[in-house]
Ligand SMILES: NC(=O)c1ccc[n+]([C@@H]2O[C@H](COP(=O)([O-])OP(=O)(O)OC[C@H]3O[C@@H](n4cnc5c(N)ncnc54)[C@H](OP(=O)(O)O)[C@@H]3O)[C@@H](O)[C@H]2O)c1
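One chain follows as structure tokens, the form predicted on its own.
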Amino acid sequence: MQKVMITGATGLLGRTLYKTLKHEFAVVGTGFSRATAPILPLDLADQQAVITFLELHKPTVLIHAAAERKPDVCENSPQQTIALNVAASEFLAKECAKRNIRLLFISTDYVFDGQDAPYYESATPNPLNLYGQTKQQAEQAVLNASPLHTIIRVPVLYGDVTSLNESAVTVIATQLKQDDQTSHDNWAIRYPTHVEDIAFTLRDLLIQPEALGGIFHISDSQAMTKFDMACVMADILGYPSELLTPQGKPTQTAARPYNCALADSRLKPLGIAYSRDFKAAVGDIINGATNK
């Protein structure tokens, strides 16, 4: 049986990876400040601790999901972002290569500038913000470390949350609850994808490891702006739609790409394709978080 190590196993995607993959593989999850059993604490900035952990647990696969993923936070904390997103990723990639451990690196659609969608796996990256730049740099370091390593690019994610603020998607629901009138970006086109569908896809890839290596794109296909998402959530919450205001241009600190649609040329030939209705899925998440 393959042994899968997951970094960032306390995060939105990492928790679902752990929950899904443990049914098929021996899994060890790691986290940092939020790590509680069965997730094990590991500081990725401590290189000796990383080496010791790899030697002790001897994974055959490492899914590296830990990252600073909020673009505005990245812009405001560049050194911290580079240390986690680039330096730690490069070190993990090299140490895994030494031990013939396959590394699956979770990357982002933000490695593209959003001006020429859809983007296939072979498209040339051109990130607009520091978050995308660090992910692109890490991608290159990972691919340079070993042909066994794999890049997994994903778009904006949502799923079962500890709080609605945890996801850039479900945080919209908290805005609807708190304000009378709300404004939402109606410019950038997103493709919200459920973390469970990412986990199912990685599970299927790990079952056929000969397919791994290089770059994969995983994305749902429903194109939505944040305003579109807000309209869906307003309907779920009974929030008056006339109180929603569309914003015609981005207002965040970090530049956002217009449309980074990820096109897949590798998963469908393998018979791997997962998708779900956004309104039904996000409704279940909102109702579940409300009832906690």
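Since the structure is predicted, the reported quantities are computational estimates derived from the model, not experimental observations. Numbers follow the displayed sequence, beginning with 1.
Just so you know, the form predicted in complex with the ligand exists too; it's not on screen, but the next bit is about it.
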Stretch from 141-149, 214-222, 100-108, 122-130 whose residues place a heavy atom within 4.5 Å of the ligand in the predicted bound form:
100-108
Sort through Ile51, Ala26, Ala35, Leu237 and report the residue having a heavy atom within 4.5 Å of the ligand in the predicted bound form.
Ala35
Leu13, Ala281, Leu21, Ile272 - the one with a heavy atom within 4.5 Å of the ligand in the predicted bound form:
Leu13
I'd like to know whether Ala67 contacts the ligand in the predicted bound form, with contact meaning heavy atoms within 4.5 angstroms.
yes
Distance check, Asp43 to the ligand in the predicted bound form, heavy atom within 4.5 Å:
yes
Heavy atom of Glu95 within 4.5 Å of the ligand in the predicted bound form
no
So in the predicted bound form, is the ligand close enough to Glu196 to count as touching (4.5 Å, heavy atoms)?
no
Heavy atoms within 4.5 Å of the ligand in the predicted bound form is the criterion; list the residues of 140-158 that meet it.
Val154, Pro155, Val156, Leu157
